[in-house]
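One chain comes next, on its own, written as structure tokens: the form predicted alone.
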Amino acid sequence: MTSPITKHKQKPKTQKTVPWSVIVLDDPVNLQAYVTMVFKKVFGYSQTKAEMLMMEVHTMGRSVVWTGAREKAEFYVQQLHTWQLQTTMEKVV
């Protein structure tokens, strides 16, 4: 007895996953030194990079602090929320 052959459709391997950006929003509560410290702890950024991103949040009202895979972006958003930073994520277009 022969079994029927099942064909599975596979996604083409050339299809790219769309990157997501983690965005921190400015708030009137957290001090600049605190935000800098959080960026260093969560992302492992240098003092210089963490300060640059913090100043972008402070002056522009928001900053893209990380870009990559959706699952990792969701993880970072959750971590930043535990540090009480207003954070969201957006699909990169």
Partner chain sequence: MAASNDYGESSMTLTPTLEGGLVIEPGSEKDWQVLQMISRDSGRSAYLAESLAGLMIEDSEWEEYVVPDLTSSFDRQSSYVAVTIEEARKHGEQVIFVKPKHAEQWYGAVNQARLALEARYKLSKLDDLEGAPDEMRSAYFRDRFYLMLQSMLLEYVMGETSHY
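All of these numbers come straight from a predicted model, not from anything done at the bench. Positions refer to the first chain, counted from 1.
Below: the form predicted in complex with the partner chain, not depicted.
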*asked:* Would you classify residue 17 as touching the partner chain in the predicted complex, given a 4.5 Å non-hydrogen atom cut-off?
replied: no
_At 4.5 Å between heavy atoms, is residue 32 in contact with the partner chain in the predicted complex?_
yes
*Quick one: is residue 53 in contact with the partner chain in the predicted complex, heavy atoms, 4.5 Å cut-off?*
no
*So in the predicted complex, does any heavy atom of residue 49 sit within 4.5 Å of the partner chain?*
no
*Within 4.5 Å of the partner chain in the predicted complex, which residues of 63-93 have a heavy atom? Give them in sequence order, or say none.*
70, 74, 77, 78, 81, 82, 83, 84, 85, 86, 87, 88, 89
